[in-house]
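What follows is a single chain, given as structure tokens, in the form predicted on its own.
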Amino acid sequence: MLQIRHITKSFPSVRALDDVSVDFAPGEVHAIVGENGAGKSTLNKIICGIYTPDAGEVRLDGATIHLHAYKDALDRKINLVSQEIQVIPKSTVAENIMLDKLDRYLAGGRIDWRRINADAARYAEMVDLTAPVTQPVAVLSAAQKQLIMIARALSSDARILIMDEPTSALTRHETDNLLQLLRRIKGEGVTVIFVSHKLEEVLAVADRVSVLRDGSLIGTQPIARLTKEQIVQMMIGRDARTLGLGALTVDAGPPVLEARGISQTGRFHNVSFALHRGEILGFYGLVGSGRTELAQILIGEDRKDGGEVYIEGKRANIQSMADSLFKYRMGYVSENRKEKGLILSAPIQTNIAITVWERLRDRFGSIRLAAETATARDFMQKLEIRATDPGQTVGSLSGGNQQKVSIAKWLAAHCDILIIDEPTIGVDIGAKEYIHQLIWNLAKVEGKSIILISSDMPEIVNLARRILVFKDFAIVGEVRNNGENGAPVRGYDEVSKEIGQYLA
């Protein structure tokens, strides 16, 4: 039994946890839910010794334990799968999985790499990671890196396993596999503390759920006593809004962006599609199906071997992301905001204004800081970014506010075409509502043309009115979700079933 008793933790200007007490039983999946900033990650870090509480105690098997570092938790078989991607890019999959256990494989002063690779392959298979264990991690997707972190934690034989947003970048298949794995290990007596914004997963796998709001414990209940609506109300203090976005009027004129016969050796062969003004075009498919990889070709981050891209009917020559932005006003909101989308150690104003620095220079070439700050304040207000001021570092913001900053920098550049990759990974239900409405307004009100890449089926159905289904680096189907002549959109079950048929 792990017990948290009267835990309080404060940081400058905020009380992250206020007198929180929770019990975690052996052999249960105990979900911790709440909006960004509710205190979930702080609680996890206290259990793992990363933070020391200001008051209260952590008890294990009836005795108070004192955790001063993460190693203290590992010594007691408490392990954490963080929501932050924590891998060594230049090392192999096997090395990353077995990273904290390499000393077990020493023989005669040498490391037995064959044993390491064999053991790592076993844990990789458990989490459905198909990448070869000898492959360097740098070339893998965010989802594959997340699976590596889960495999690493499983290899530690933990008694208490804390999983902080473990499915944020995973496909439905990978998520289903992970939830089945959690059911199995809880049957072996492992306590799983499961943190997720995806309440469908919580309802599917948790035995009990504890809800945090603004650092306080709202309550702990068996999951069988709660509905999704009741959990949401406990989390945000109100019912979730049903947006009812409806039909989207799309310009029937020539395409804003057109890909013709895009080919890349070993990946794409003769892939074509068109994007129209005011359209939200969905890219849906499993991770590794080619959605993000095609987007990277469009913005010049990766090279194609054949085919052409046309912008406003004219052949585009895009050799880099700078060409994409400055020549063709096309921006890309990365799926991996922490590694590629944002500079976490830099202030908000730097992250938002970085795409428009050329506009903000004075006659001597220096960036006008007052103009940079004003630009940041403007978009902080428009996107309701919660922060103390534009000088606050992005790394200190919640996931939802980080994502708003990531979108804001491309809006500041006045992009006409936006590719938005996994827009709501790791954000709470309130921020998700806001981001969905923001994307919708960009298309419907401002006439932006948007490619929406998402592994979240409800998200893609809710927002996209035309969905391209990807499989094995090819577009295998097109699903239309806009009613004819202004009629209501089709139902979720009907659209998701049609998408599933293309993936079968």
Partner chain sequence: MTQREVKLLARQTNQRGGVGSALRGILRRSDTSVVIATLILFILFSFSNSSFLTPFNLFNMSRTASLYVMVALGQAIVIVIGHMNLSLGAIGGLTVVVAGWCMDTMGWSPWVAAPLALLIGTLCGMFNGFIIVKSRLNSFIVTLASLFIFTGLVQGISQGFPYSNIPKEFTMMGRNDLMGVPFLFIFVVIVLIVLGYVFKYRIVGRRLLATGGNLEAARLSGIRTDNIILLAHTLSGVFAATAGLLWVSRMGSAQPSTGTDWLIVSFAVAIIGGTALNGGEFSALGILASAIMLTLIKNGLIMLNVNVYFEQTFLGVIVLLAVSVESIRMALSNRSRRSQVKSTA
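Being a predicted model, the structure only gives us computed values, none of them experimental. Positions refer to the first chain, counted from 1.
One more form of this protein exists, namely the form predicted together with the partner chain; it is left out here, but the text below deals with it.
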Decide yes or no: are F326, G341 and I367 jointly within 4.5 Å of the partner chain in the model of the complex, with each residue judged by its heavy atoms?
yes
Using the partner position in the model of the complex, report whether Q392 sits within 4.5 Å of the partner chain, counting heavy atoms only.
yes
Contact of K409 with the partner chain in the model of the complex (heavy atom, 4.5 Å):
yes
Quick check on Y492: any heavy atom within 4.5 Å of the partner chain in the model of the complex?
no
Looking in the model of the complex, any heavy atom of I299 within 4.5 Å of the partner chain?
yes
Picking from 270-278, 182-190, 144-152, 347-355, which part of the chain touches the partner chain in the model of the complex when contact means heavy atoms within 4.5 Å?
347-355
Using heavy atoms only and a 4.5 Å cut-off, determine which of S396, T171, T92, S216 is in contact with the partner chain in the model of the complex.
S396
Which residue among M321, V232, I116, I223 has a heavy atom within 4.5 angstroms of the partner chain in the model of the complex?
M321
